[in-house]
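We give structure tokens for two forms of one protein chain below, kept apart as structure 1 and structure 2.
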Structure 1
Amino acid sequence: MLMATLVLTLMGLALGILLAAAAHFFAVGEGNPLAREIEDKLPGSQCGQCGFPGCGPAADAIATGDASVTCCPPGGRALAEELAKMLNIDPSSLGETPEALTAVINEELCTGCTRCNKACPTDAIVGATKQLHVVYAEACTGCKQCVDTCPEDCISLVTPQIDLTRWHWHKPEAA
């Protein structure tokens, strides 16, 4: 009994050392640390509005300069200015940012099929089967996935009302 315990302990120790050595020698690189910082600031909803399949590839493209800091519509102007500050880009040179959109459900046409809330990547649509559905605007990224899956065509995308996080005072032009 003692010998079996000793053998299993030594085997476990040897395999643990072997796995630690393999993890050290075959480690995959961390990647671009700037891209990881940018990815942490992006919304993380993987909506694809920027033209990339998710926030990770978008962050890599922004870090390498292949994409503009204004490419993320859900992030809006505030995110673009924060990324510009991080990358030492003049915020006044950003130009227009893409307009963020929010889904709105027409209550009269909604039958409660629940296809829209199953398709929503951010769980912004709340409702139950054969019940009215509502969009939680703060969570909606405007990815259009709910619009594509709705069989009643009762969902539309609109520009949300301007609040303090979306408001931007345009710089006056010199006379």
Structure 2
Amino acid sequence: MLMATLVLTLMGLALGILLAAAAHFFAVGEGNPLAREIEDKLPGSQCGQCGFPGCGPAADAIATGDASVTCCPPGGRALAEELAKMLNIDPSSLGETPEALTAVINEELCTGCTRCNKACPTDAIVGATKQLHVVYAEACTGCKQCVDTCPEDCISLVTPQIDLTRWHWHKPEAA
């Protein structure tokens, strides 16, 4: 009885250690490491404006070259240049990046229903029930998810003020 228990315990222990060692020595990172690095740079709001189901698939596509580095509107020019540097693409060859947008709530129409608040993937909308909601512009990625949920149609998307991450040289005027 004692022997049987001992043998079974030892066997389980030995196999467990063997498997743990195997898992350690044969560890494989999930997916393409470059894609994971790109995914870390993307905004992570899973807004889907690039045409992919989320930032993960978009990062995979950028890593394999199926998608352009300029495909992310919330990331804007700054992200495109960062990714271009990472992938050794000449930043001057990128062309136009899609314009970054920020949501703005029309204060006169907002009823404080908190629906946009719940829909926002980046928690950029601040406001309690029956209180006026406000968009925290620095966190907003312009993903349009709040626009679709607002029952009052009081959210609009505007081009935000130029700041350091968004500013870039204008194209030279045609002579």
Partner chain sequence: MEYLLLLISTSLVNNIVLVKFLGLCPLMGVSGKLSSAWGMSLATAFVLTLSAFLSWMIEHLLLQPLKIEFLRILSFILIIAAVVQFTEISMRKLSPALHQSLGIFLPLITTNCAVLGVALLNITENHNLPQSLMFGLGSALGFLIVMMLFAGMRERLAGANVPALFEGTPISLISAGSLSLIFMGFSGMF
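Numbering runs along the sequence of structure 1, starting at 1. Note that the coordinates shown come from a computational prediction; the quantities given were computed from them, not determined experimentally. Think of the rigid core as the biggest set of C-alphas that the two forms share within 1.5 Å after superposition.
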| item | value |
| --- | --- |
| Pair member which, unlike the other, is the form predicted in complex with its partner chain | 2 |
| A21: Cα shift of 2 Å or greater between structures 1 and 2 (core-aligned) | yes |
| Displaced residue check between structures 1 and 2: P151, CA, 2 Å or over, core reference | no |
| Inter-form CA displacement between structures 1 and 2 at L8 - rigid core frame, Å | 9.1 |
